[in-house]
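Shown here is one chain on its own, the form predicted on its own, set out as structure tokens.
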């Protein structure tokens, strides 16, 4: 069994099938999960150095439904305020009786670094690490729940040949990177639509097609993933004009129709939180094409599946 869940690049079709099958089973048996105590006795540590609503809460709910003990680490109340280094924190954690750490961090590669330190300092304990988002690198459980949501809305439960369009600030998006790695490996066609300042040749190297025109780029889309404008990651000199962005890249019903998309078939996703009427028009958020609420719900079951996959056989 794999020890960590750090990147969608580490997932192959067999692992993805196992995780989705487990998520389906957990969803079907959700009413009896607390009685089963599938991860009873396991101790999970939540290391969120960045703010979060959906990811943090879904991991906490997932852990409790599986019967695990869940501990929240608050960086503001830790010895970090006294100058403790990331490595020092990892050393301390390695000596505690925890089974798994879930980390979100502003630094790319932080999850891999934590996994390395924990293994170096305590090889016997075998503590697993889940990457809940690191810098602009990856957010693998978000990509997996996006994929689960997409295949749940595909007639043949497959993304092979499907055109999936990612819109927005790809350059600063860990969600975009994890999704591209995963979707391309499973046979989907991926296109990124963004202003020139929010995209780079890196995404072509990852296998995505690029477009800077929303209407043209949306043609033939089966699923649309809209990204959040991450103001906290934009450098001051980036100088983003929100009105211009809204005019050119906000997804609206009118623009979908101009792209000749059938609103009975195309589906819309967003990792949240949505900047309403900047990334997506207000009326599309709860429109029949929107899968945003399904994403939130699926996040609990996908994260349960990942926890079970890492800890269920230890």
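Residue numbers count along the first chain shown, from 1. The shown structure was predicted, so the numbers you read here are calculated from the model rather than taken from an experiment.
In what follows, reference is made to the form predicted in complex with phosphoric acid mono(formamide)ester, a form of this protein that is not presented.
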query	finding
Options 153-161, 136-144, 183-191, 105-113; stretch whose heavy atom lies within 4.5 Å of phosphoric acid mono(formamide)ester in the predicted bound form	136-144
Listed residue that, although phosphoric acid mono(formamide)ester is not shown, lies within 4.5 Å of it in the predicted bound form (heavy atoms), from 286, 34, 53, 247	53
Proximity of residue 272 to phosphoric acid mono(formamide)ester in the predicted bound form, heavy atoms at 4.5 Å	yes
